[in-house]
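The data below hold one chain only, encoded as structure tokens and taken in the form predicted alone.
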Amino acid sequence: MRLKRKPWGEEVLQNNERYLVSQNELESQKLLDFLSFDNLVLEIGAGKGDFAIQMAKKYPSIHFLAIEMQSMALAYALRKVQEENIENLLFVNVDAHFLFEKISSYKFQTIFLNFSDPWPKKRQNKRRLTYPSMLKEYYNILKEGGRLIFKTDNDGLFNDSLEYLKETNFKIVKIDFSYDGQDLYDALTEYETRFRKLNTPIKRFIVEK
């Protein structure tokens, strides 16, 4: 869902460059310096930033690169961190498809996909972040033993994603059709908070390179 632009959005984006890389800055030293860390984690589809911010606070020794294509969503995220002093978090305002070429030489220890757009119409399935072509991109940028962790409320997307995995070399670690949210290496997204209040079952899988 595309967010409506707010009058304050552009100002927040411009005044919080410390935490933000735009699509025009994918060659910037700021991004290259961040990618030079060994303990890198990638979230694709960061939304309003709840997950990445919580995880960065919980694990200060891990560096979280959070990707989100909607600039207004990132304005909300940046508004949450502008009074913080979080050194291990960087947001990138770009469609993930454009990022892989830039980061192909770097390796991540974990990739998180949280409540990705289900693109339910068959003609749209190729846009899914769990489509086989995307899963192969994740495999290439993960360290040996690195993990991809996927959460969703959408049954169709989850079941299809399990089928997509069969076209990859990922090893399944865990499949949970009613995830309780108790894994310490996890945090709530804004969507998950809403779904849990409605008692909507959350599905999750963990796979490993």
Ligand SMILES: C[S@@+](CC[C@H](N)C(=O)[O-])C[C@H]1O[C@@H](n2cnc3c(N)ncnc32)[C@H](O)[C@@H]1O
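No experiment lies behind these values; they were computed from the predicted model shown. For every residue, the number given is its place in the sequence shown, counted from 1.
One more form of this protein exists, namely the form predicted in complex with the ligand; it is left out here, but the text below deals with it.
Segments offered: 27 to 35, 158 to 166, 171 to 179, 42 to 50. Contacting the ligand in the model of the complex at heavy atom distances within 4.5 Å is 42 to 50. Checked against the ligand in the model of the complex, the residues A56, I67, I149, L142 give one hit for a heavy atom within 4.5 Å, which is I67. If you check the ligand in the model of the complex, you find no heavy atom from any of I86, T110 and D186 within 4.5 Å. Contact check for L78: every heavy atom lies farther than 4.5 Å from the ligand in the model of the complex. For L135, no non-hydrogen atom is located within 4.5 Å of the ligand in the model of the complex, even though that partner is not displayed. Using a 4.5 angstroms threshold between heavy atoms, D95 counts as touching the ligand in the model of the complex. Although the partner is absent here, Y19 lies well away from the ligand in the model of the complex, with no heavy atom inside 4.5 Å. Residues T189, E190, Y191 are the members of 185 to 209 with a non-hydrogen atom no more than 4.5 angstroms from the ligand in the model of the complex.
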